[in-house]
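As structure tokens, one chain now follows by itself in the form predicted alone.
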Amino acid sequence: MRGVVMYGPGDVRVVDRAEPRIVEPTDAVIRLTATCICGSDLWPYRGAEPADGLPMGHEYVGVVEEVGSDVTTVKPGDFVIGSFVISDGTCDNCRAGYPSRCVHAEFVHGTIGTQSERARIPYADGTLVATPGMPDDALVPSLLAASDVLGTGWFAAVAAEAGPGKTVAVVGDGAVGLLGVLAARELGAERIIAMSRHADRQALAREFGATDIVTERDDAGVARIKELTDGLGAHSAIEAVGTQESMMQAIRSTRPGGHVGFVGVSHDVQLPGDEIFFSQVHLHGGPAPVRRFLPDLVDRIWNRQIDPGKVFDLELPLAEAAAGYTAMDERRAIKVLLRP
């Protein structure tokens, strides 16, 4: 089969990869209908993480072709969405609502690699969710978004305690941040402040529910948030970037007693203990437990309650994946959908 492999910074190729097969009785093999490029894929693309023969891709939807003898919740012919972390669904961490920290957790990125034509999914019962039927093609982008960026934005909003009466500040205008805006709206937030300097992303943020846009960054951005909130700061902040700057901007934009949900993949973030101590904010985040939210998110998408697929503003065939990486790296695309 054909699949995307990264061999170094800026070096993305579509190559022949081994066909997946059932190895364990808990496995499923799926044929990918759609996959995509994630903002986190840009870290190795830019040289911030190692990449020497790295199978790429961790967001995926497709049709089940084969299942192992122990798989009971999905069957051949089902259309499925899976989390970007493999989980068994039965361990203590999974039952506590944190399948992304399953005792059998395996990150799809770098191991399975779903920017490909087919994929073997271990622990299919704990990782995959079937849709009620075969979806219309128009629903595929939104279902694909649920695999990571919607589920991650949703977790960020939940971790930030977004809800009725709350003001939520969103740091980061990539796909996760934009869908954090959508999640905060769905959770009932009264006011959602999106921090963005890009007109196209600002427009989508407003479509997803942002009530205010802040273009300033760093201390100026924090000051603007305080100005909009009577000097107190937001009740909730979503951090969707993963840098020192974005984390501190989120923390400093949050009022005492408020909550920060951080889901940007952390790169050299260091928290100053004295400032955290006196900020009196709650911090919660990490790899999103997407599988926890998938049944609810699939239901909302299936019933046309939400349309997160709008974050995909460029669609390419899998064979042109390298062009998709370039477009996202140059910020000419928010998120690229690939069709195998």
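The numbering used is simple: start at 1 and walk along the sequence shown. Quick caveat, the model's predicted, so the values are computed rather than measured.
Omitted from view is the form predicted in complex with a further copy of the same chain, to which the following refers.
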Query raised in the report: According to a 4.5 angstroms non-hydrogen atom cut-off, is residue 256 in contact with a further copy of the same chain in the predicted complex?
Result: yes
Requested in this report: Flag residue 276 as yes or no: does it have a non-hydrogen atom within 4.5 angstroms of any non-hydrogen atom of a further copy of the same chain in the predicted complex?
Outcome: yes
Query raised in the report: Would residue 232 count as a contact of a further copy of the same chain in the predicted complex, using a 4.5 angstroms cut-off between non-hydrogen atoms?
Result: yes
Query raised in the report: Applying a 4.5 Å heavy atom distance criterion, does residue 286 contact a further copy of the same chain in the predicted complex?
Result: yes
Query raised in the report: Of the residues 264, 221, 113, 126, which one places a heavy atom within 4.5 Å of a further copy of the same chain in the predicted complex?
Result: 264
Requested in this report: Note which of 134, 203, 138, 103 lies within 4.5 Å of a further copy of the same chain in the predicted complex, where distance is taken over heavy atoms; exactly one does.
Outcome: 103
Query raised in the report: Thinking of a further copy of the same chain in the predicted complex, which stretch from 25 to 33, 307 to 315, 59 to 67, 286 to 294 has heavy atoms inside 4.5 Å of it?
Result: 286 to 294
Query raised in the report: Quick one: which residues from 76 to 112 get a non-hydrogen atom within 4.5 Å of a further copy of the same chain in the predicted complex?
Result: 92, 93, 98, 100, 101, 103, 107
